[in-house]
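One chain comes next, on its own, written as C-alpha coordinates: the form predicted alone.
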Amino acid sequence: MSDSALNTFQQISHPILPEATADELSRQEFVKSLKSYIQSDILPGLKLSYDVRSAPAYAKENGELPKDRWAVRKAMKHDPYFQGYVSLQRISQELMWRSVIESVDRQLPELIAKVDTIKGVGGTLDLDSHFEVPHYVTALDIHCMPGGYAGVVAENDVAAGAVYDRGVYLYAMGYMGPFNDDMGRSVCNYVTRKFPKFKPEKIVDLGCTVGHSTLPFAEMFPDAEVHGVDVGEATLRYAHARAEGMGLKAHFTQQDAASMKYEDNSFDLVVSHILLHETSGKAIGEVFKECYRILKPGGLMIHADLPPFGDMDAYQQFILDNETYYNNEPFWGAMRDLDQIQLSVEAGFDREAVSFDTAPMAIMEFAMADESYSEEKAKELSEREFEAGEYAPGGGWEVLIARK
(Lines give C-alpha, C1' and ligand atoms only; values in the text may rest on other atoms or scores of the structure.)
Protein backbone atom coordinates (compact mmCIF):
# COMPACT_ATOMS: atom_id res chain seq x y z
CA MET A 1 0.00 0.00 0.00
CA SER A 2 1.36 3.42 -0.92
CA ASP A 3 2.16 6.08 1.68
CA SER A 4 -0.75 8.20 0.44
CA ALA A 5 -3.21 5.35 0.92
CA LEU A 6 -1.77 4.52 4.33
CA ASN A 7 -2.25 8.11 5.49
CA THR A 8 -5.68 8.71 3.97
CA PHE A 9 -7.53 7.68 7.11
CA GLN A 10 -4.73 8.32 9.62
CA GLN A 11 -4.19 11.64 11.36
CA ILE A 12 -0.91 13.33 10.39
CA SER A 13 1.02 15.23 13.04
CA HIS A 14 1.65 18.97 13.00
CA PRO A 15 3.63 21.19 15.41
CA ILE A 16 0.82 21.78 17.94
CA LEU A 17 -0.97 18.40 17.82
CA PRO A 18 -0.66 16.53 21.17
CA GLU A 19 1.63 13.50 21.00
CA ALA A 20 0.12 10.41 22.63
CA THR A 21 2.16 7.85 24.52
CA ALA A 22 1.87 4.23 23.45
CA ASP A 23 -0.72 3.54 26.16
CA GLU A 24 -2.73 6.69 25.30
CA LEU A 25 -2.63 5.85 21.61
CA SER A 26 -3.80 2.32 22.33
CA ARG A 27 -6.82 3.59 24.25
CA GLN A 28 -7.65 6.12 21.53
CA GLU A 29 -7.43 3.52 18.79
CA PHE A 30 -9.64 1.22 20.84
CA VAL A 31 -12.33 3.90 21.01
CA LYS A 32 -12.09 4.54 17.27
CA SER A 33 -12.44 0.83 16.59
CA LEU A 34 -15.37 0.60 19.01
CA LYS A 35 -17.16 3.40 17.20
CA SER A 36 -16.56 1.70 13.87
CA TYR A 37 -17.85 -1.61 15.27
CA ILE A 38 -21.02 0.03 16.62
CA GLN A 39 -21.80 1.63 13.29
CA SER A 40 -20.89 -1.29 11.03
CA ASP A 41 -21.94 -4.29 13.15
CA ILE A 42 -24.46 -3.15 15.77
CA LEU A 43 -26.44 -0.55 13.84
CA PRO A 44 -27.71 -2.81 11.01
CA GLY A 45 -29.46 -5.03 13.54
CA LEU A 46 -31.42 -2.05 14.82
CA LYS A 47 -33.40 -1.78 11.58
CA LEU A 48 -34.26 -5.45 11.80
CA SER A 49 -35.41 -4.99 15.40
CA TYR A 50 -37.59 -2.09 14.29
CA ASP A 51 -39.13 -3.94 11.35
CA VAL A 52 -39.75 -7.20 13.19
CA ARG A 53 -40.71 -6.06 16.70
CA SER A 54 -41.20 -2.36 17.33
CA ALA A 55 -43.05 -1.21 14.20
CA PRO A 56 -45.60 -4.08 14.25
CA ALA A 57 -46.21 -3.59 17.99
CA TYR A 58 -46.77 0.13 17.44
CA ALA A 59 -49.14 -0.55 14.53
CA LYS A 60 -51.11 -3.03 16.62
CA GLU A 61 -51.55 -0.48 19.40
CA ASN A 62 -52.13 2.63 17.26
CA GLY A 63 -53.72 1.24 14.12
CA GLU A 64 -50.93 2.53 11.86
CA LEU A 65 -47.18 2.38 11.41
CA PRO A 66 -45.02 5.24 12.82
CA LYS A 67 -45.28 8.27 10.52
CA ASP A 68 -42.51 10.51 11.91
CA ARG A 69 -39.34 10.36 13.99
CA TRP A 70 -41.21 11.00 17.24
CA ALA A 71 -43.54 8.07 16.58
CA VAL A 72 -40.56 5.86 15.72
CA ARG A 73 -38.91 6.90 18.98
CA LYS A 74 -42.05 6.02 20.91
CA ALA A 75 -42.04 2.61 19.26
CA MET A 76 -38.34 1.98 19.84
CA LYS A 77 -37.31 3.57 23.12
CA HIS A 78 -38.08 0.50 25.25
CA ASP A 79 -36.60 -2.00 22.80
CA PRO A 80 -33.61 -3.72 24.48
CA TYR A 81 -31.55 -3.79 21.28
CA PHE A 82 -32.04 -0.06 20.79
CA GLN A 83 -31.19 0.62 24.42
CA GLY A 84 -27.99 -1.38 24.05
CA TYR A 85 -27.10 0.50 20.87
CA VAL A 86 -27.53 4.00 22.30
CA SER A 87 -25.77 3.01 25.52
CA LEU A 88 -22.75 1.86 23.56
CA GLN A 89 -22.81 5.05 21.50
CA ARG A 90 -22.82 7.23 24.59
CA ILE A 91 -20.15 5.16 26.32
CA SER A 92 -17.91 5.33 23.27
CA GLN A 93 -18.30 9.11 23.17
CA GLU A 94 -17.36 9.54 26.82
CA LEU A 95 -14.44 7.14 26.49
CA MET A 96 -13.25 9.04 23.43
CA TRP A 97 -12.99 12.36 25.25
CA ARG A 98 -11.42 10.72 28.30
CA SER A 99 -8.74 9.05 26.19
CA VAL A 100 -7.84 12.39 24.58
CA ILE A 101 -8.10 14.60 27.66
CA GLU A 102 -5.64 12.53 29.69
CA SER A 103 -3.11 12.97 26.90
CA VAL A 104 -3.71 16.73 26.59
CA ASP A 105 -3.65 17.31 30.34
CA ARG A 106 -0.27 15.59 30.62
CA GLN A 107 1.37 17.94 28.12
CA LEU A 108 -0.74 21.11 28.37
CA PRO A 109 2.07 23.30 29.81
CA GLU A 110 4.31 22.14 26.96
CA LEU A 111 1.63 22.89 24.36
CA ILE A 112 1.01 26.38 25.77
CA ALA A 113 4.74 27.12 25.74
CA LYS A 114 5.09 25.76 22.21
CA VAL A 115 2.62 28.33 20.83
CA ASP A 116 5.18 31.11 21.20
CA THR A 117 7.95 29.11 19.55
CA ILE A 118 6.17 28.31 16.30
CA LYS A 119 7.62 30.40 13.50
CA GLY A 120 4.74 31.97 11.64
CA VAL A 121 3.83 32.87 8.09
CA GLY A 122 1.99 36.13 8.81
CA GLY A 123 -1.42 35.05 10.01
CA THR A 124 -3.00 37.00 12.87
CA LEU A 125 -4.97 36.26 16.04
CA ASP A 126 -7.46 38.75 17.47
CA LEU A 127 -8.96 37.77 20.84
CA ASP A 128 -11.42 39.93 22.77
CA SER A 129 -10.91 39.87 26.56
CA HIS A 130 -14.42 41.29 27.02
CA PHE A 131 -16.14 38.89 24.65
CA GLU A 132 -19.20 37.09 26.03
CA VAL A 133 -19.72 33.63 24.60
CA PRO A 134 -23.40 33.08 23.67
CA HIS A 135 -25.36 31.28 26.35
CA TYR A 136 -26.49 28.51 24.02
CA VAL A 137 -22.81 27.60 23.60
CA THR A 138 -21.88 27.64 27.29
CA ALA A 139 -25.09 26.04 28.58
CA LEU A 140 -23.92 22.50 27.82
CA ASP A 141 -20.91 20.45 26.81
CA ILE A 142 -21.63 20.07 23.10
CA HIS A 143 -20.99 16.55 21.81
CA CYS A 144 -20.34 15.63 25.46
CA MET A 145 -16.90 17.27 25.21
CA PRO A 146 -16.06 18.23 28.82
CA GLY A 147 -15.92 22.01 29.13
CA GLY A 148 -17.38 22.46 25.66
CA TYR A 149 -15.77 24.11 22.67
CA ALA A 150 -15.38 27.46 24.43
CA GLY A 151 -14.01 26.23 27.75
CA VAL A 152 -10.85 27.78 29.24
CA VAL A 153 -8.79 25.97 31.88
CA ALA A 154 -5.47 27.86 31.95
CA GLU A 155 -3.81 31.13 31.07
CA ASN A 156 -3.07 31.36 27.34
CA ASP A 157 -5.05 28.15 27.06
CA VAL A 158 -5.14 25.83 24.04
CA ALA A 159 -6.65 22.76 25.75
CA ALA A 160 -10.07 22.88 24.09
CA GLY A 161 -8.43 23.14 20.69
CA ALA A 162 -6.05 20.26 21.34
CA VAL A 163 -8.83 18.03 22.67
CA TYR A 164 -11.08 18.92 19.73
CA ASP A 165 -8.41 18.33 17.08
CA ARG A 166 -7.65 14.81 18.24
CA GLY A 167 -11.23 14.04 19.29
CA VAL A 168 -12.69 14.93 15.88
CA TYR A 169 -10.34 12.50 14.19
CA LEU A 170 -11.44 9.67 16.47
CA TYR A 171 -15.10 10.64 16.29
CA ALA A 172 -15.07 10.60 12.49
CA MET A 173 -13.14 7.30 12.53
CA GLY A 174 -10.57 8.84 10.19
CA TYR A 175 -13.12 9.95 7.59
CA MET A 176 -12.22 13.61 8.07
CA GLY A 177 -8.86 12.88 6.46
CA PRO A 178 -5.28 13.18 7.73
CA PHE A 179 -5.72 16.82 8.74
CA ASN A 180 -9.40 16.69 9.77
CA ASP A 181 -10.08 18.99 6.83
CA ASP A 182 -12.40 16.95 4.63
CA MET A 183 -15.33 19.36 4.90
CA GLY A 184 -13.31 22.41 3.93
CA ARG A 185 -11.51 20.53 1.18
CA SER A 186 -14.79 19.13 -0.13
CA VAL A 187 -16.34 22.61 -0.28
CA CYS A 188 -13.21 24.02 -1.96
CA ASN A 189 -13.41 21.28 -4.59
CA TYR A 190 -17.09 21.99 -5.04
CA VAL A 191 -16.53 25.72 -5.54
CA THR A 192 -13.78 25.25 -8.10
CA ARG A 193 -15.88 22.76 -10.09
CA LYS A 194 -19.25 24.49 -9.82
CA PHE A 195 -17.93 28.02 -10.26
CA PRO A 196 -14.67 27.67 -12.25
CA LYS A 197 -14.45 31.40 -12.98
CA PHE A 198 -15.07 32.40 -9.36
CA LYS A 199 -11.82 33.71 -7.85
CA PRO A 200 -12.54 34.93 -4.29
CA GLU A 201 -10.16 37.55 -2.94
CA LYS A 202 -11.47 37.48 0.62
CA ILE A 203 -12.94 34.44 2.41
CA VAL A 204 -14.29 33.91 5.93
CA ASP A 205 -15.05 30.59 7.67
CA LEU A 206 -17.70 30.93 10.39
CA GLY A 207 -17.52 28.72 13.47
CA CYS A 208 -14.01 27.67 12.50
CA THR A 209 -13.02 26.06 15.86
CA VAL A 210 -9.42 24.89 15.26
CA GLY A 211 -9.34 26.04 11.64
CA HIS A 212 -9.30 22.53 10.23
CA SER A 213 -11.86 23.44 7.55
CA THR A 214 -10.45 26.95 7.13
CA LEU A 215 -6.98 26.01 5.93
CA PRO A 216 -7.99 24.24 2.69
CA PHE A 217 -9.21 27.65 1.48
CA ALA A 218 -5.80 29.17 2.22
CA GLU A 219 -4.17 26.29 0.37
CA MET A 220 -6.50 26.15 -2.64
CA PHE A 221 -7.01 29.91 -3.02
CA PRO A 222 -3.45 31.12 -2.25
CA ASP A 223 -4.10 34.67 -3.45
CA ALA A 224 -7.12 35.12 -1.17
CA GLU A 225 -7.17 36.68 2.29
CA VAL A 226 -8.61 33.97 4.53
CA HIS A 227 -10.33 34.59 7.89
CA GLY A 228 -11.71 32.29 10.58
CA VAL A 229 -14.33 33.33 13.14
CA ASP A 230 -15.24 31.52 16.35
CA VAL A 231 -16.43 32.23 19.90
CA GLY A 232 -13.84 30.06 21.66
CA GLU A 233 -10.65 31.64 22.98
CA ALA A 234 -8.66 28.43 23.46
CA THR A 235 -9.76 26.93 20.15
CA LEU A 236 -8.79 30.11 18.28
CA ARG A 237 -5.39 30.31 19.96
CA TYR A 238 -4.82 26.69 18.96
CA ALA A 239 -6.14 27.36 15.43
CA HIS A 240 -3.69 30.21 14.94
CA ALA A 241 -0.71 28.16 16.14
CA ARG A 242 -1.85 25.19 14.05
CA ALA A 243 -2.12 27.27 10.88
CA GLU A 244 1.23 28.97 11.42
CA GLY A 245 2.90 25.65 12.16
CA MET A 246 1.44 24.14 8.99
CA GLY A 247 2.67 27.09 6.94
CA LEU A 248 -0.78 28.34 5.89
CA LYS A 249 -1.73 31.97 6.42
CA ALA A 250 -5.11 32.76 7.97
CA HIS A 251 -6.49 35.46 10.24
CA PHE A 252 -8.46 34.25 13.25
CA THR A 253 -10.76 36.46 15.31
CA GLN A 254 -13.06 35.94 18.29
CA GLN A 255 -16.53 36.97 17.20
CA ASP A 256 -20.12 35.79 17.18
CA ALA A 257 -21.13 34.89 13.62
CA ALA A 258 -24.57 36.36 14.39
CA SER A 259 -23.04 39.80 15.01
CA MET A 260 -19.70 40.43 13.33
CA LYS A 261 -17.53 43.55 13.17
CA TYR A 262 -16.63 43.17 9.50
CA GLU A 263 -17.67 45.96 7.15
CA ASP A 264 -20.56 45.66 4.70
CA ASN A 265 -19.76 44.15 1.29
CA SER A 266 -16.29 43.01 2.33
CA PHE A 267 -16.11 39.27 1.47
CA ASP A 268 -16.42 37.30 -1.75
CA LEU A 269 -17.07 33.96 -0.03
CA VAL A 270 -18.64 33.20 3.35
CA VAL A 271 -18.59 29.54 4.43
CA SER A 272 -19.33 27.38 7.44
CA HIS A 273 -18.86 23.69 8.13
CA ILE A 274 -21.29 21.91 10.51
CA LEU A 275 -21.91 25.22 12.28
CA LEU A 276 -25.67 25.36 11.75
CA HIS A 277 -26.61 22.23 13.70
CA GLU A 278 -24.69 23.56 16.72
CA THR A 279 -26.39 26.96 16.58
CA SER A 280 -29.72 27.96 18.09
CA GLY A 281 -32.68 28.31 15.75
CA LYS A 282 -32.92 32.01 16.51
CA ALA A 283 -29.21 32.58 15.87
CA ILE A 284 -29.25 30.86 12.46
CA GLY A 285 -31.45 33.57 11.00
CA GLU A 286 -29.12 36.23 12.37
CA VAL A 287 -26.10 34.40 10.95
CA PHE A 288 -27.70 34.40 7.49
CA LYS A 289 -28.38 38.14 7.75
CA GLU A 290 -24.76 38.76 8.67
CA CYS A 291 -23.61 36.62 5.76
CA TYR A 292 -25.69 38.72 3.39
CA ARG A 293 -24.45 41.97 4.94
CA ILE A 294 -20.72 41.23 4.68
CA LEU A 295 -20.90 39.64 1.23
CA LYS A 296 -19.98 41.68 -1.82
CA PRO A 297 -22.55 41.73 -4.64
CA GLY A 298 -22.04 38.51 -6.57
CA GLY A 299 -20.48 36.83 -3.54
CA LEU A 300 -21.38 33.33 -2.33
CA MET A 301 -22.68 32.01 1.00
CA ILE A 302 -22.09 28.27 1.45
CA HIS A 303 -23.04 26.35 4.59
CA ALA A 304 -21.96 22.69 4.64
CA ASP A 305 -23.84 20.42 7.01
CA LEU A 306 -25.87 17.23 6.96
CA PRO A 307 -29.06 16.69 4.95
CA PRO A 308 -32.42 18.11 6.11
CA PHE A 309 -34.91 15.60 7.46
CA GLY A 310 -37.10 16.15 4.41
CA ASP A 311 -34.75 13.93 2.40
CA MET A 312 -35.15 10.95 4.73
CA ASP A 313 -37.82 8.52 5.86
CA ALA A 314 -39.08 8.50 9.45
CA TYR A 315 -36.70 5.74 10.56
CA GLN A 316 -33.58 7.51 9.25
CA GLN A 317 -34.73 10.73 10.90
CA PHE A 318 -35.14 8.88 14.18
CA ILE A 319 -31.64 7.37 14.02
CA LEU A 320 -29.97 10.67 13.25
CA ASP A 321 -32.00 12.54 15.84
CA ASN A 322 -30.46 10.32 18.52
CA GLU A 323 -27.67 12.89 18.61
CA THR A 324 -30.20 15.32 20.08
CA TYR A 325 -31.15 12.94 22.85
CA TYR A 326 -27.90 11.18 23.67
CA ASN A 327 -24.97 13.33 22.51
CA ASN A 328 -25.74 16.85 23.76
CA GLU A 329 -26.87 18.20 20.39
CA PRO A 330 -30.06 20.11 21.33
CA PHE A 331 -30.27 22.10 18.08
CA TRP A 332 -29.70 19.10 15.83
CA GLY A 333 -33.32 18.21 15.07
CA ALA A 334 -34.55 21.80 15.11
CA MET A 335 -32.00 22.87 12.49
CA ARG A 336 -33.10 20.07 10.18
CA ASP A 337 -36.72 21.19 10.44
CA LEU A 338 -35.97 24.83 9.59
CA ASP A 339 -36.73 26.18 6.13
CA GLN A 340 -33.20 27.38 5.41
CA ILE A 341 -34.10 28.67 1.97
CA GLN A 342 -36.82 30.88 3.46
CA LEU A 343 -34.39 32.10 6.13
CA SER A 344 -31.94 32.99 3.38
CA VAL A 345 -34.64 34.94 1.56
CA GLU A 346 -35.52 36.78 4.75
CA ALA A 347 -31.83 37.64 5.11
CA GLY A 348 -31.90 39.38 1.72
CA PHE A 349 -31.04 36.73 -0.88
CA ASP A 350 -33.28 36.26 -3.93
CA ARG A 351 -35.15 32.96 -3.73
CA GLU A 352 -33.93 31.98 -7.20
CA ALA A 353 -30.34 32.41 -5.99
CA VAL A 354 -30.66 29.93 -3.09
CA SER A 355 -30.47 26.14 -3.38
CA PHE A 356 -29.24 22.92 -1.83
CA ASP A 357 -26.63 20.70 -3.46
CA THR A 358 -24.17 17.96 -2.55
CA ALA A 359 -20.40 18.42 -2.31
CA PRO A 360 -18.68 15.03 -2.79
CA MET A 361 -16.41 14.02 0.10
CA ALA A 362 -12.83 14.83 -0.85
CA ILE A 363 -11.41 11.92 1.13
CA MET A 364 -13.63 9.45 -0.73
CA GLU A 365 -12.55 10.83 -4.09
CA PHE A 366 -8.90 10.70 -3.04
CA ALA A 367 -9.13 7.13 -1.79
CA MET A 368 -10.97 5.88 -4.87
CA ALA A 369 -8.41 7.53 -7.14
CA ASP A 370 -5.50 5.88 -5.34
CA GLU A 371 -4.24 2.93 -7.36
CA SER A 372 -3.24 1.04 -4.22
CA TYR A 373 -6.89 0.57 -3.28
CA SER A 374 -8.54 -2.55 -4.62
CA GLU A 375 -11.54 -2.37 -6.91
CA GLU A 376 -13.64 -3.84 -4.10
CA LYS A 377 -12.48 -1.18 -1.63
CA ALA A 378 -13.18 1.61 -4.09
CA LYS A 379 -16.66 0.21 -4.73
CA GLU A 380 -17.29 -0.02 -0.96
CA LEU A 381 -16.32 3.62 -0.48
CA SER A 382 -18.36 4.86 -3.43
CA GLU A 383 -21.47 3.07 -2.16
CA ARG A 384 -21.13 4.18 1.46
CA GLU A 385 -24.60 5.35 2.43
CA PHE A 386 -25.91 7.92 4.87
CA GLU A 387 -26.66 5.43 7.62
CA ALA A 388 -26.59 6.77 11.16
CA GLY A 389 -24.62 8.37 13.92
CA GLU A 390 -23.75 12.02 13.45
CA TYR A 391 -20.71 11.26 11.34
CA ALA A 392 -22.17 9.34 8.44
CA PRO A 393 -22.28 11.67 5.47
CA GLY A 394 -22.00 8.90 2.92
CA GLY A 395 -20.56 10.19 -0.33
CA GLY A 396 -21.08 13.90 0.17
CA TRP A 397 -21.91 16.90 2.34
CA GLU A 398 -25.14 18.83 1.99
CA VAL A 399 -24.42 22.44 1.05
CA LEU A 400 -26.77 25.42 1.19
CA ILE A 401 -25.68 27.92 -1.47
CA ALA A 402 -26.82 31.50 -1.97
CA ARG A 403 -25.44 34.22 -4.23
CA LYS A 404 -25.88 37.88 -3.34
Ligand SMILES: C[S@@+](CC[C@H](N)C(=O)[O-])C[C@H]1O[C@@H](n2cnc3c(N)ncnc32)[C@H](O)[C@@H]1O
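Numbering starts at 1 and follows the sequence shown. Since the structure is predicted, the reported quantities are computational estimates derived from the model, not experimental observations.
Keep in mind that the form predicted in complex with the named molecule is not shown, yet the notes after this line are about it.
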query: Triple contact flag 190, 308 and 358 to the named molecule in the predicted complex, non-hydrogen atom at 4.5 angstroms; finding: no
query: Among the candidates 285, 178, 333, 134, the residue which, in the predicted complex, approaches the named molecule to within 4.5 Å (heavy atoms); finding: 134
query: Contact residue in the predicted complex, from 171, 164, 267, 85 (heavy atom within 4.5 Å of the named molecule); finding: 164
query: Close approach of residue 212 to the named molecule in the predicted complex, 4.5 Å, heavy atom; finding: yes
query: Residue 200 within 4.5 Å of the named molecule in the predicted complex, heavy atoms; finding: no
query: Partner contact for residue 185 in the predicted complex: the named molecule, 4.5 angstroms, heavy atom; finding: no
query: Heavy atom of residue 274 within 4.5 Å of the named molecule in the predicted complex; finding: yes
query: Candidate stretches 119-127, 74-82, 291-299, 223-231, one within 4.5 Å of the named molecule in the predicted complex by heavy atom; finding: 223-231
query: Stretch 275-295: residues contacting the named molecule in the predicted complex, 4.5 Å heavy atom cut-off; finding: 275, 278, 279
